[in-house]
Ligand SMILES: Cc1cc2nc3c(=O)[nH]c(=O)nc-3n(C[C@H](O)[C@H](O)[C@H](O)COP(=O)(O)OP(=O)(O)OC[C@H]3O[C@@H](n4cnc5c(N)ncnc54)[C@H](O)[C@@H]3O)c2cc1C
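The chain that follows stands alone, in the form predicted on its own, written as structure tokens.
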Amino acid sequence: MKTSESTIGIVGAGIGGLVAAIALRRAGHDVIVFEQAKQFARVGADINLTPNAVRALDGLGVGEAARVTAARPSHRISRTYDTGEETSRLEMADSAEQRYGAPQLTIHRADLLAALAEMFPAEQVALGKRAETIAPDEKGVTIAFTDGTSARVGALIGADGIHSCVRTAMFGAESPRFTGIVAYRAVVPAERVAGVPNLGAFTKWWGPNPQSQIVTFPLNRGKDIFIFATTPQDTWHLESWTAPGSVDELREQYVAYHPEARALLDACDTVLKTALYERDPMPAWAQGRMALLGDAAHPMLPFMAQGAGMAIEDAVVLSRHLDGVAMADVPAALKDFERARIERASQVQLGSRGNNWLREGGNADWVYAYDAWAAPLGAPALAAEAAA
């Protein structure tokens, strides 16, 4: 592990971290990624990449590989939980590609990570490196790891999730907040639920309150259906955020839902249960030679399906701000990156919390039409005119 003050370090080899690593390397920087896991494993949930995220990946040359295993939902549909009434329908697939320059893709997180890992040199990923202390100074940042080793870099990017150690080093310790919502996740073969309509669409069943919903979309080129359901729960006592769940409990939570929604739950053999946590939007993401992106900067609830998308956008815009920038000028470039991204990401973060977006139609363009490769540098993204 050879680093120097001319190296940009990234903590976290998740989606945002790897996209940033690829993009920064393309921008001419020496980059190393520190990942606490000892090896890459096929873990994680299935994710929804909306056109804004896919277009950003296409600009890196990753989109083609992502399309190999992904599904392309035909529509984004909203339905009322009990009557089944359709309250909005947005064409996706080819229509989204024509309108936004990229389709929507639904894919397993591990498949996307594998596609990203192929684009970045393996020898530049340091595995088994859990950061213990982070000490910045005027010329760089020193990271001490729990295995007794250390590294010195010229700048450090925190892409290490909601429990970000980089965030703690920058702004102090702060615990995420349990939202009072839990999520169930399951995958069923499409042939098992062939009688349910719109299996090829991203469908959201809006429940009796903002905490209750069922979302389904195709995976594995339509061979499987991913089910994501949320419901209120007062407390979460388990040490882990994710644990095996009860299929019977899952079905019981949604007995008031339409028969077509319940048919999907009846097809589940196993389910995972996850507690949902969040933080409030931050007033700053950058400090000196360090900056945050993705969940480290703006962890958000999944109700707009933009967690991965915002991390990917962050990474691309970060690389554009650092393109051709000397290490002496990195602190100013990181503040420009913050100014370019913080308004948009905070608005999506709050919109995800409110969970009302596209319930009865509305404007999707302010989210889906954003182009991370063309957005203004060093200026707000002006997402707000949007929300109309």
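Note that the structure is a prediction, hence the values are computed from the model and not measured. Heads up: residue numbers just count along the shown sequence, starting at 1.
Just so you know, the form predicted in complex with the named molecule exists too; it's not on screen, but the next bit is about it.
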| property | result |
| --- | --- |
| Partner contact for Val11 in the predicted complex: the named molecule, 4.5 angstroms, heavy atom | yes |
| 4.5 Å heavy atom contact, Ile227 and the named molecule in the predicted complex | no |
| Non-hydrogen atom contact Cys165 with the named molecule in the predicted complex at 4.5 angstroms | yes |
| Any non-hydrogen atom of Arg185 within 4.5 angstroms of the named molecule in the predicted complex | yes |
| Segment assignment from 68-76, 247-255, 263-271, 126-134: heavy atom within 4.5 Å of the named molecule in the predicted complex | 126-134 |
| Answer option from Pro302, Gly222, Gly288, Pro210, heavy atom within 4.5 Å of the named molecule in the predicted complex | Pro302 |
| Residue (of Pro218, Pro103, Gly140, Gly307) lying close to the named molecule in the predicted complex, criterion heavy atoms within 4.5 Å | Gly307 |
| Sequence-ordered list of residues in 14-34 near the named molecule in the predicted complex, where near means a heavy atom within 4.5 Å | Gly14, Ile15, Gly16, Gly17, Phe34 |
